[in-house]
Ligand SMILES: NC(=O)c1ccc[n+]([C@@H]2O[C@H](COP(=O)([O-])OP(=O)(O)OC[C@H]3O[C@@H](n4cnc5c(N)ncnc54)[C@H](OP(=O)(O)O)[C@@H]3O)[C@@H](O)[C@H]2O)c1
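Take a look at this single chain in structure tokens; it is the form predicted on its own.
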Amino acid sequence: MRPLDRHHVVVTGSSSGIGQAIATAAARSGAECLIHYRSNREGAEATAEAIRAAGSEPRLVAADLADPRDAERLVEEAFAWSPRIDAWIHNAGADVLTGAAARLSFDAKLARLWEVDVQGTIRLARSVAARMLEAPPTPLPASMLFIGWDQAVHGMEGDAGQLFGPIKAAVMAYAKSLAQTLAPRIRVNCVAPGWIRTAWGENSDPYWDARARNDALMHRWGTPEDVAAAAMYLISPQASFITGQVIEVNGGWNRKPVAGSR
């Protein structure tokens, strides 16, 4: 048996990047997957094709998590798809680094991140948890997983640090409090990626490329698949005694002095 055989897994924001890698890895581990996306239908279909190649037929649901009614519709559709959700991965977040959003003011970016990544995620998690608790208890608890950021703990200079630091710190703090609330019926953990080569990283300038490599003891960018591997462990039966944890996936935080600054 594969680790997630007969598991039903929901991955929000799974039309690209880390979410796409997590959904694909879950399917390869035997899970049935629900793919959530907001507007990137093409990306969601690409995720669906990867899941079909792994041997299962995904469910696709579009929803704007900033809209409470749309978020609740996602929950309703997910639990209609499977009355027992074994793992719900809260990966969706606002993109303020690429496209038109990158030109927004600092205040507008912060408001968007708060609306989606914090308020939207908390609202969704509370609704999902209530539904999960309605299911009959089983020997293995259900699981929730959140996505944080390693530098929310360490701190980072500049607008990016001032935007994502408080936002992801809020998500990580919420995950720990939710773990205290839902144990032992539901395990709640958080993965905190470091420098991961997603769409922004693929187009980064030489400074940020060097920064990403220097900040990791492994001296390389992380990949979405690195994050997915950690996620697969945390939602698997092998991690049944792990809850309330934040696991950094960053190649090890490099505390050695690095020459040069921006």
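In this text, residue numbers run from 1 along the sequence as written. Keep in mind the model is a prediction, meaning the values are calculated, not measured.
The protein also exists as the form predicted in complex with the named molecule; that form is not presented, and the subsequent description refers to it.
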* Okay, which stretch from 110 to 118, 153 to 161, 129 to 137, 75 to 83 lines the named molecule in the predicted bound form, with non-hydrogen atoms inside 4.5 Å? -> 110 to 118
* Determine whether any heavy atom of Gly17 comes within 4.5 Å of a heavy atom of the named molecule in the predicted bound form, and answer yes or no. => yes
* Asked: Closest heavy atom of Met172 to the named molecule in the predicted bound form, within 4.5 Å or not?
  -> no
* Asked: Can Pro58 be called a contact residue for the named molecule in the predicted bound form at 4.5 Å between heavy atoms?
  -> no
* Can any non-hydrogen atom of Asn189 be found within 4.5 angstroms of the named molecule in the predicted bound form? -> no
* Which pick from Glu49, Glu225, Asp64, Asp209 sits with a heavy atom within 4.5 Å of the named molecule in the predicted bound form? -> Asp64
* Asked: Would Ala94, Trp149 and Ile196 all count as contacting the named molecule in the predicted bound form, using a 4.5 Å heavy atom cut-off?
  -> yes
